[in-house]
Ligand SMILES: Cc1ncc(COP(=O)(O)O)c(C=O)c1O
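Taking the form predicted on its own, here's one chain by itself in structure tokens.
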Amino acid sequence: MDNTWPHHGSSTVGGEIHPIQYLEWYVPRLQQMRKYNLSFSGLQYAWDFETYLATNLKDVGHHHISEFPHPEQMVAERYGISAQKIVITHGATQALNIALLACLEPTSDGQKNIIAVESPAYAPVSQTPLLLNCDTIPVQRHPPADGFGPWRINKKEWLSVLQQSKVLMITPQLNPCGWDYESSDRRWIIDTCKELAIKIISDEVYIDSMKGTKDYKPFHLEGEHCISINSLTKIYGLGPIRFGWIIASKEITSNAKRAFLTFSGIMASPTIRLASAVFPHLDLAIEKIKQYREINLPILREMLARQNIVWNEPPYGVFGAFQLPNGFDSMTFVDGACAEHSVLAVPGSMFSEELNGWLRVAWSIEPVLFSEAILNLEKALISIH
């Protein structure tokens, strides 16, 4: 498969719409049912819907409007903000679409909005603007020169792109490395975008793993020009519900609500009922992430040390990435040596052209299975040394 990384450039329509190579590659490999799955980008947690829904389970398909408060209120109470700053969507991907539409400006004939998009990235983040008649320019976050600590930005390179742009789309807890911004880089991004009147759309589906720590600060708290996107999918392990949200200024929220009503009309009642049942229990997922980190990460650290592989461990989250030995291609590794040992992980080339030799691994699974998975990943690594 060629060009597996996200696309940038000119807007696309019809037959020019780019594939989401990550999903086109990933879903068939999930269907292989490899025994040791280190590919997840979110928590694997068995939610007890029968208990949480109790007597409402039988009514899951019934209309919710007469029985439940506005779903925005659930999010507002969890994050301690006004419900007027929230728009509920069918997942984070739709939230990205809606938020971007709410930020775009009218253009003259032949002109387009230019969107700066952080790279590496999950392809829908990069390619959403292309479907909305925008052109994109990537701005890079780079691995640390000494191999340890946050991935960094080149401010001169970013400024050159931002001066051409109307919107910046970012993923603070970066995929595939799992690192959040270095503090001075973050401050520079926020202040520079404010000075240039650029809206920031921050895809924050991973940062609730930091909730309750001193480092936790969603971007919507950084100013009227900053927008947070989140959902129940990644950190909370509830992707099938398709429940996401936008947090923004009241002006942007007003625009976003009109766009949502145009595209979707109203949220699905089963989604609202299921979300309402689990919202009071969401901290269970965050506690489970802490447990998995405490139990699983030492096993991964020790294995990589045995193989003399540099491991730049992110302080939060459920996944990280490392470079394969001898510059080995990660796609070849996953479909070759890993497959032979029934291991599934994600090639870094799914997120950036520069990460062909990187592998993303997750520690968000049950510890006994994770321990077995790491032993088999080690066998695969030994075979390519």
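Note that this is a predicted model, so its numbers are computed, not measured. Residue positions are given as counts along the sequence shown, with the first one as 1.
The discussion below concerns the form predicted in complex with this ligand, not included here.
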In the predicted bound form, is there a heavy atom of this ligand that lies within 4.5 Å of any heavy atom of R242, even though the partner is absent here? yes
Are any of the heavy atoms in V205 no more than 4.5 Å from a heavy atom of this ligand in the predicted bound form? yes
Look up in the predicted bound form whether G91 has a non-hydrogen atom within 4.5 angstroms of this ligand, and give yes or no. yes
Using the partner position in the predicted bound form, report whether S269 sits within 4.5 Å of this ligand, counting heavy atoms only. no
May I ask you to choose, among R141, H220, K234, K199, the residue with a heavy atom within 4.5 Å of this ligand in the predicted bound form? K234
Interface check vs this ligand in the predicted bound form: of T136, N175, S228, S209, the one with a heavy atom inside 4.5 Å is N175
If we take heavy atoms and a 4.5 Å cut-off, which stretch out of 152-160, 128-136, 234-242, 277-285 is in contact with this ligand in the predicted bound form? 234-242
